[in-house]
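Single chain ahead, written as structure tokens, the form predicted on its own.
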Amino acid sequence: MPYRRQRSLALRCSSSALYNNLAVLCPPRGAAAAFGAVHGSSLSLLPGEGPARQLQARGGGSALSTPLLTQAAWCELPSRVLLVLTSQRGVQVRLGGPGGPWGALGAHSVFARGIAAAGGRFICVGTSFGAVLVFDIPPKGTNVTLSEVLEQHRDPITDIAAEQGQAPDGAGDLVTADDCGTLCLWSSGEEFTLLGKIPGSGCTCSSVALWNGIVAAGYGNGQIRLWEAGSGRIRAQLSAHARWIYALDLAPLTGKLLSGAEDSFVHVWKLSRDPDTDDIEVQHCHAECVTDTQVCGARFCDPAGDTFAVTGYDLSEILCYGPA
């Protein structure tokens, strides 16, 4: 399906050159999506309804000590939706709805990056020393606790992704990635279990996605590699971009894969499995050049992948695309 640019949304500040620098909250059918992009120590927030807002990072008594944000993401749990921010000094989460208080979730002295909801009640956050913090989120209230610390990575975490489809038996439902390209596959629960580890090759894995037991990983050399989550075997390797990949996203209903990179291109791919051989098949669906823009964020805006949005370094708008 071809796409075309439909509109642009003005940001109060331009987007920083950070991995996965676009947060999108997909709404129920008929409602408007909400967007967020990080710039320095603040998050430009465009709610589905109402005026644009600027959220400031917490953690200092003066402007000089305000930490720089590294990522923002909405985490959708069965009982609530939380906005989570990571920064140079740890993790913050907005509790109790849009007007609720901010809570600090530990790790105050470390660089944090990589955010994902997992297991229906947990939020996982990566850190600069390679640990993944697992927070237990109550159905209501603010009594968030650190449930577990996952220590398998030796390098800073770059991204975390939860299963967006139906995980095959033994495949796990969470993948974590680091600066050296190592991937760890986990099964979430009261205790998270390491199911497999895919060694890195020295090239940074900047973004990951997980769908129906397929791990899609984007790398600094412009490649996308598709791995079998259950066995850790590589199933496909795509020379997708000419420069560093900054963002991947998956549409859970269709298996469409979105990639954005420093080369100014955004690509849409379609993943599927051959019912006879169980091989992973990849179809290229669309290429879009965002002229003179280093793409740093790309996300689908609906579960079917019919619409997507893009941010770029030093670009003071979010570009929205839909069916041509």
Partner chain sequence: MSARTLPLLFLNLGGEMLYILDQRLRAQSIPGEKARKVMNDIISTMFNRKFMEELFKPQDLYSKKALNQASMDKLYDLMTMAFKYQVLLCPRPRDILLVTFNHLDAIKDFISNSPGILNQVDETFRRLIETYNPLSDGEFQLIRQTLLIFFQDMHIRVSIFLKDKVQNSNGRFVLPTSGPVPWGTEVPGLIRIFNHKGVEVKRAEFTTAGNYVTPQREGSFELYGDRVLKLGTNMYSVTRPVETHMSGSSKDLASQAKENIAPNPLAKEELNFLARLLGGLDIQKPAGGESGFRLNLFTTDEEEEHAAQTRPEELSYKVINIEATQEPARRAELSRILGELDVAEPRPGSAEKGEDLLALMDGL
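The shown structure was predicted, so the numbers you read here are calculated from the model rather than taken from an experiment. Residue numbers count along the first chain shown, from 1.
What comes next is about the form predicted together with the partner chain, which does not appear here.
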Legend entry - 4.5 angstroms heavy atom contact with the partner chain in the predicted bound form for P139: no
Inset, instruction - Would you check, heavy atoms only and a 4.5 Å threshold, whether L18 touches the partner chain in the predicted bound form? - result: yes
Legend entry - in the predicted bound form, A32 touching the partner chain (heavy atom, 4.5 Å): no
Legend entry - Partner contact for G189 in the predicted bound form: the partner chain, 4.5 angstroms, heavy atom: no
Legend entry - All of R7, Q92 and E148 within 4.5 Å of the partner chain in the predicted bound form, heavy atom check: no
Legend entry - Answer range among 140-148, 228-236, 169-177, 247-255 for contact with the partner chain, defined in the predicted bound form as heavy atoms within 4.5 Å: 228-236
Legend entry - Those residues of 68-89 which, in the predicted bound form, come within 4.5 Å of the partner chain by heavy atom: L68, T70, Q88, R89
